[in-house]
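Single chain ahead, by itself, as structure tokens, in the form predicted alone.
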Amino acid sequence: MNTTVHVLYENPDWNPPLVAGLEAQGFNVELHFLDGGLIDPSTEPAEGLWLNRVSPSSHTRDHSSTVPLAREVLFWLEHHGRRVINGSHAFELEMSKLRQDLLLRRHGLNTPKTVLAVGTANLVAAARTFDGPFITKHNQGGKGLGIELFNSADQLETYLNDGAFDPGPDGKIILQQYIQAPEPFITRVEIVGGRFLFAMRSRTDEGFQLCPSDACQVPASNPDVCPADPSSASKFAPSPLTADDPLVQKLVAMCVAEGIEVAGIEFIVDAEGNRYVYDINGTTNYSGVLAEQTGVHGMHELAKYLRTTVVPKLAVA
């Protein structure tokens, strides 16, 4: 009997490439939309693999209940011994930029100065600890929304007093050292099952809404999907980074050690060539345009990993 992959999700626009990859590997696929529902702790979940595809940006699509519900669903699945790809530990990391920074530091990776603050007075106080420009972002990030650049604490204080500041879904704000890159791009390293897939460069000259999913490359007037540049075929390009790069090796080792099976990890390079890692995306997506250029189709690689590595271990357990 074929194994069923149960996909936890809240954005249906991201599902087609994943479903195609899973079905190409012979999996049955069941989609579970998470925004409302019931959990009976005495009832066992269905057999099969469970793949967590819930994004920290769920609230921006009017699914404010998704993340809290996903936390309970993941605990329920793991309590009953189900195999979950990117389970509770990976999920909690994705929901917190602060935790990501701590994890990256633990594994010897260079990160920008990062501080979490809640409340106007604490935001301004934290800003005064930065020597130069800094950015603010939501601790529970997603789609690059909420990112603002400030040159001083006074500038931030004025902005806060104007009432236009977006505190995000839970009021926890990250202040982070602004890294001035000599070229307007960041690099994203894609990892699946402890293996480097590829790296890509994402242009930042038009903002930080850099979801690579083809579904996200639509005009911002559509409220149901990620707002991004419709002409973004040129927004993403292959990176010359290889699996032998010391930074890539550190990122892969971190993912293996922490049980993060699917990740897109971003870093930026300053004028001196220093590389700063700042974001771990567990609900990673892949660009179809880039896949055609590189020959690496991310969702198909994920499905292959499940078929060749996860399923055999599941059968033995």
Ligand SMILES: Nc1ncnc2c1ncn2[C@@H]1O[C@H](COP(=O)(O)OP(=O)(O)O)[C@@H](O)[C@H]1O
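A quick note: this is a predicted structure, and the numbers were derived from the prediction, not measured. The first residue of the shown sequence is 1; numbering continues from there.
One more form of this protein, predicted in complex with this ligand, exists but is not displayed; see below.
Stretch 137 to 145 is the answer when you ask which of 137 to 145, 80 to 88, 164 to 172, 118 to 126 has residues with heavy atoms within 4.5 Å of this ligand in the predicted complex. Taken together, the three residues T3, V192 and H300 all stay farther than 4.5 Å from this ligand in the predicted complex, as judged by their closest heavy atom. Shown without its partner, this chain lists V29, V252, I268, L49 as candidates; in the predicted complex, only I268 has a non-hydrogen atom within 4.5 angstroms of this ligand. When this ligand is considered in the predicted complex, only one residue from S239, T204, S152, N110 comes within 4.5 Å through any heavy atom, namely T204. Residue contact with this ligand in the predicted complex: I179 places a heavy atom within 4.5 Å of it. When this ligand is considered in the predicted complex, K235 lies well away from it, no heavy atom lying within 4.5 Å. Although the partner is absent here, E261 is not a contact residue: none of its heavy atoms lies within 4.5 angstroms of this ligand in the predicted complex. Heavy atoms of I186 reach within 4.5 Å of this ligand in the predicted complex, making it an interface residue.
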